[in-house]
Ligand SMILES: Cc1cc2nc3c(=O)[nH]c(=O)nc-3n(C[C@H](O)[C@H](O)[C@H](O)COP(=O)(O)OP(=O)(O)OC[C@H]3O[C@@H](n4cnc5c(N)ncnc54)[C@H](O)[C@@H]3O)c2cc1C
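The chain below stands alone and is given in structure tokens; this is the form predicted on its own.
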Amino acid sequence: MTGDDEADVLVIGTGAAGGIIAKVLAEAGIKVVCLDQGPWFRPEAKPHWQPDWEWQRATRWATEVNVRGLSNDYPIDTDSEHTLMWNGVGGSTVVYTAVWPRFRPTDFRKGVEHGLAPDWPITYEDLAPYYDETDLLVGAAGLAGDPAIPPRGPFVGYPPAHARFGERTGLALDRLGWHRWPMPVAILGEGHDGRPACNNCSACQSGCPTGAMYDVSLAMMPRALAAGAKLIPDARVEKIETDASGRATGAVYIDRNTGLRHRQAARMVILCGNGVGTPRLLLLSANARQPNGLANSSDQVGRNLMHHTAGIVEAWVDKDLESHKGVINGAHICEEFAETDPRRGFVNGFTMHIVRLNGASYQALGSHTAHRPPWGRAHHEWFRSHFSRGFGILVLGDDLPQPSNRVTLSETVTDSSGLPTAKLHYRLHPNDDRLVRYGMERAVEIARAADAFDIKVNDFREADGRYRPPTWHLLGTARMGDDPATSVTNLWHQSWDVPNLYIVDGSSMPTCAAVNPTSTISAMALRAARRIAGDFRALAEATKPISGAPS
């Protein structure tokens, strides 16, 4: 095993959190080394340039890790879900929709609201300035003044236009008298900070090649490297190492190209591996001092897995909406039902996102609801009446954290390096089942208000009735808190058990809200990085968790 020069900070994972942390710390003059188990996919490698880009999106560029099955991935051992993630420089910002809403103030105090989920150790107001700063940093585009949320800082410009598709669906929401607002996105409708405006190529989820969509590999890691950070791709971390006192000393990683093991020493380790990768690595790092996994004296590592309770309704109208063109994220977000109303029979709420249906091949294969055209003579008639005339309504609910929903290590499945992979177990809480059924009924109302002639519902249930969703968001499995007995880190993302180990990603979230988490993950990462950069020497040498109110 070879050893590398000691870093001040070792960042494991270069997704939404890791990229921002690397940039901020490197710009502060801190010696940063980043490890990522995947390669750095260059813009020219993305399917955008190929005539079979839709086929590639369904195969080697699929968002579902078990479908893609590349050597830089690790398979997921589960019968509970379809796990979506990307393993490579940029993480899942490479293949996502760049939707950029914020959590609401009540999302940070569910313990006060109903007691079925914990309060965060920080508030919306604590995070607000970091939300504002990351909006400018990533190039968030939107329209100010949404009455459903607190005022937010300036956007860099307007989001890409949705034209006919947005008009028809907006009128449907207006007929119902429900809230709607243009979806805030990290996709540029006009050029900003050296990045071009979106060209509406529609290939967002198979990787934006131009940089119009915020992708950490294009917009953040180059800045980190320019500031002095070092990036080692294709480096699969086997374990985080600790010394006799229990402090982290670095990590052992496998060079996937040679199979050789290396030791990267560091004064501080920051783990940013997502809601599945992070608990997996902590469990793989078990040692004699911490036999149940690193940083796991609370037995909370891997527990409380959340995905957002989800379902989707698709609808088709008698007018060409050009809904196969342009960015694939939502034209509108509806937050009419985002807050708890006990009269509905459940706690928490949901949002509805009005989305496109992607290209011709994707629609021919059934789009989001498996609504496939018939083969034979009727195929062309069906396609003429449906293609470019449809839209989707994504219901995104706030699912409750349950200790039984968890990530453990698989006893039977390994990755390409022979390491045990993650085993996932997820079952829907009865409260969340009622929530998503109510939400799907509201989505059908939108379809009818748009005068749809064909409506298809996908509530992500198998033939036996079991809920098995596509898990776009992987959250809650190493949550922050104010009590070492019930959380993995404190309010600054510092491990209770390993004082120079920080955990910053979707696993940090005590609750998951009813909107996409990337904006919040990015704000949390910026907040943590500012704290570390501001007092690095003391924090790197700390022998117990720091204390103090949020700044």
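Just count from 1 along the sequence shown to find any residue number. Keep in mind that this is a model prediction, so the values were computed, not measured.
Same protein, other form: the form predicted in complex with the ligand, not shown, and the subject of what follows.
Scanning 212, 98, 327, 315 against the ligand in the predicted bound form with a 4.5 Å heavy atom cut-off leaves one residue, 98. Residue 274 is the only one of 274, 134, 242, 363 with a heavy atom lying within 4.5 Å of the ligand in the predicted bound form. Under a 4.5 angstroms non-hydrogen atom cutoff, the ligand in the predicted bound form lacks residue 24 among its neighbouring residues. Although the partner is absent here, residue 88 lies within 4.5 Å of the ligand in the predicted bound form, judged by heavy atoms.
Using a 4.5 angstroms threshold between heavy atoms, residue 511 stays clear of the ligand in the predicted bound form. Mapping the unseen interface onto this chain, residue 443 falls outside it, with no heavy atom inside 4.5 Å of the ligand in the predicted bound form. With the ligand left out of view, the stretch that reaches within 4.5 Å of it through heavy atoms in the predicted bound form is, among 468-476, 109-117, 223-231, 368-376, 468-476. Every residue in the set 13, 17 and 205 has a non-hydrogen atom no more than 4.5 Å from the ligand in the predicted bound form.
The partner is not shown here, but in the predicted bound form the stretch 52-69 reaches within 4.5 angstroms of the ligand through a heavy atom at 63 alone.
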